[in-house]
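Given next, in structure tokens, is a single chain: the form predicted alone.
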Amino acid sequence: MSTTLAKWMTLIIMANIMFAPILAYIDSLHREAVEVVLQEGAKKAAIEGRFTNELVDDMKQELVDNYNFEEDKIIIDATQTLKTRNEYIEASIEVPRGIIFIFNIFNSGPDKIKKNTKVMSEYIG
């Protein structure tokens, strides 16, 4: 009995070890995608002086179309009041995190990816 149990545990651990690098790579790509979308949105928002509803929708749509995130699980919290030059605009994106291990027997960290940014407004009213 103990030999069989040891073999099963070895198989489970081996499967986790085999797939962990590719799943970790996919996780890092998701983190990078969220960071890039947030930074690109912040550049546009700095010019407009705020994150407009259209800009937030574009950021969300880019995450859905290009990176296959589920639209209803993307949370974007951004400054939508107009800020003039030398005032800061802030935004954050939160999306669910994918799996890191095939079997959930190890601590894989937080369940969500959250990125924040803060840029200075360039809007001259």
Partner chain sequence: MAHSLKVMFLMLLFAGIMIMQYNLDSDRTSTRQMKNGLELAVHDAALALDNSQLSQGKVVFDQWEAVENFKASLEANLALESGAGYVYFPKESSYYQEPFYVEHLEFIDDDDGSFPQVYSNPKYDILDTLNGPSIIAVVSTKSPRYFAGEGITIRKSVVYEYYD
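All figures in this text were calculated on a predicted structure; none of them were measured in a lab. Positions refer to the first chain, counted from 1.
Another form, the form predicted together with its partner chain, is not on view; read the next lines as being about it.
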Completion exercise
If we test each of 64, 82, 99, 29 for a heavy atom within 4.5 Å of its partner chain in the model of the complex, the one that passes is 29
Handout entry: Partner proximity in the model of the complex: residue 18 to its partner chain, non-hydrogen atom cutoff 4.5 Å
Key = yes
Exercise for the section: Tell me, yes or no, whether residue 74 is in contact with its partner chain in the model of the complex, where a contact means a heavy atom of each within 4.5 Å. Expected result: no
Practice task
Find out whether any non-hydrogen atom of residue 35 is located within 4.5 angstroms of its partner chain in the model of the complex, and reply yes or no.
Solution key: yes
Problem - in the model of the complex, residue 55 touching its partner chain (heavy atom, 4.5 Å) - result: no
Practice task
Could you run down 98 to 120 and flag each residue that has a heavy atom within 4.5 Å of its partner chain in the model of the complex?
Solution key: 115, 116, 117, 118, 119, 120
